[in-house]
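The form predicted on its own is given below as one chain in structure tokens.
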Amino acid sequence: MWMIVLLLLPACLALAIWLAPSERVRPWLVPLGASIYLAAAQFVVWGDIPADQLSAFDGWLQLDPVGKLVLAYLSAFFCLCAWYVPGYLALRAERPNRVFCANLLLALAMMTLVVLSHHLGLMWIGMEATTLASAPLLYFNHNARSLEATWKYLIVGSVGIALALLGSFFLAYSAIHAGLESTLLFDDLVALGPQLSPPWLRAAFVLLFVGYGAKMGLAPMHTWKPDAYGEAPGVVGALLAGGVTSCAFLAVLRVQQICAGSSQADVTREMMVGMGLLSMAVAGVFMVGQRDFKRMLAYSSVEHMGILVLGIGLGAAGVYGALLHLFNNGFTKCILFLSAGNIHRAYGSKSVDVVVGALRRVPLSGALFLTGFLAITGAPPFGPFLSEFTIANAAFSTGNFWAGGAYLALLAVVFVGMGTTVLGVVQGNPPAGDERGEFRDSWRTTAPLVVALGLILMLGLYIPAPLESLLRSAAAAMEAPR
């Protein structure tokens, strides 16, 4: 029952928002709906609910420890973004908001489908539906650049989802080739992992990893990100960086879960380590000298998707660190993208040649942008420091000294490259007589960011016992067949 409720709740809320006639009321229904969803999701995750109520449709929908962890994160992250929406749309009164508001909740419904799916085909449908639901959000500005970014997002995503579909077929055939009954249910595939045909399983992993890696924005499949994040409204960029890509990461986790107990476990982990470091390296190269601070955030997302898969590839403590980093990266990206959106509104530009002295023009947004930079680059005492340190420790403790050394070196490159752009934005004096934007800080456009900052500060200093237990359970589920 609860699986159906979690799926239908955001879908019904999206329909209600679509039918709401008032342009003024509609934006407030988004955070109201997100808050209702947050309450339901957190009750399902932390409540004492019998296991049979956490499964539906013969196991096609199911909430296991990994799903619970992602659901707890996703519901909180989306609620933070949703409370920014009324303040943002009040500044964009010239634009109709029916499609924008309804599609935010529709995208949430499709992301929920990905989280709950325990069938490879159903998860594939949910991932593609998430892309289609979020695409109209990219085109909110209705200009040539946003149209180009939307098409690039759809085309690259379509290539990725096509490869993932082919990988799903290969995975099913790996069971048939081994003389087993064909299945796409995750529990069955995890149990059958040691018996699956190694060549077909390896080919399936490559296709699924590349396909869903394109949805994550891993290098070199990241080409949609700079345009999409650069042209999308700040809240949409946050949703993509912390929501859609996290669902794609979950899809990669599911595939790795199948491979964990098979003969291909070492091969798949080595591939994830290599792709993680490659993604960080590409991000670092393009961050150095970056003049567009929103595109800089796109490359930051490429970097942190690399960190996530690197952690999973390292295994053991690295898996725990990656799962913790899912929270830290998402909440920090919420601060960065929303504060960047505020700064963009204040200056009417994304270029560091124009945007100077943000700490003076929009003091709170500028301070949050600077703090978000320090957090996302691993400065203590914020949450990303703890999760990135855990991944580094996992690399050295497992004997992957080359990976650990490269990881630390790339973190330093990113810090320098990103820091140059961020400091250029926040320091100095605003251009004299420049009145490009009338935006100034208000509680509606900064309160969600302050809450997100409180969360990453807490996760850097103290991890609540229930969350710690859930992280441990999810990490254990990733390591071997249940």
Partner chain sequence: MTPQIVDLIVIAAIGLNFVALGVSRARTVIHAVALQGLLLGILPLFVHPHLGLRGALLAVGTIIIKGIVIPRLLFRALREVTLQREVRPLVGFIASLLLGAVVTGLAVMFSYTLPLAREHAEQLLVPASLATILCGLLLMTTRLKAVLQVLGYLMLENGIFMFGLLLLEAMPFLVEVGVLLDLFTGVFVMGIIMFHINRAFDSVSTEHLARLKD
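Computed from a prediction, not measured in an experiment: that's the story for all the values here. Positions refer to the first chain, counted from 1.
There is also a form predicted in complex with its partner chain; it is not shown, and the following applies to it.
Asker: Under a 4.5 Å heavy atom criterion, is Cys247 part of the interface with its partner chain in the predicted complex?
Answerer: The answer is no: Cys247 has no heavy atom within 4.5 Å of its partner chain.
Asker: Though only this chain appears here, would His119 touch its partner chain in the predicted complex if you measure heavy atom gaps against 4.5 Å?
Answerer: Yes, His119 sits close enough to its partner chain in the predicted complex that at least one of its heavy atoms falls within 4.5 Å.
Asker: Classify Leu408 as contacting or not contacting its partner chain in the predicted complex by the rule of any non-hydrogen atom within 4.5 angstroms, answering yes or no.
Answerer: Judged by the heavy-atom cut-off of 4.5 Å, Leu408 is well away from its partner chain in the predicted complex.
Asker: Any chance Phe369 has a heavy atom within 4.5 Å of its partner chain in the predicted complex?
Answerer: No, no contact at 4.5 Å.
Asker: Determine which one of 388-396, 155-163, 265-273, 252-260 lies within 4.5 Å of its partner chain in the predicted complex, judging by heavy atom distances; exactly one does.
Answerer: In short, 155-163.
Asker: Only one of Pro220, Pro199, Pro96, Gly348 gets a heavy atom within 4.5 Å of its partner chain in the predicted complex. Which one?
Answerer: Only one listed residue qualifies here, and that residue is Pro199.
Asker: Honest question, do Ala129, Leu184 and Arg295 all end up within 4.5 Å of its partner chain in the predicted complex by heavy atom distance?
Answerer: The answer is yes; Ala129, Leu184 and Arg295 each reach its partner chain.
Asker: Where, within 127-152, is there a heavy atom within 4.5 Å of its partner chain in the predicted complex? Residue list please.
Answerer: Heavy-atom contacts within 4.5 Å come from Glu128, Ala129, Leu132, Ala135, Tyr139, His142, Ala144, Arg145, Leu147, Glu148, Ala149, Thr150, Trp151, Lys152.
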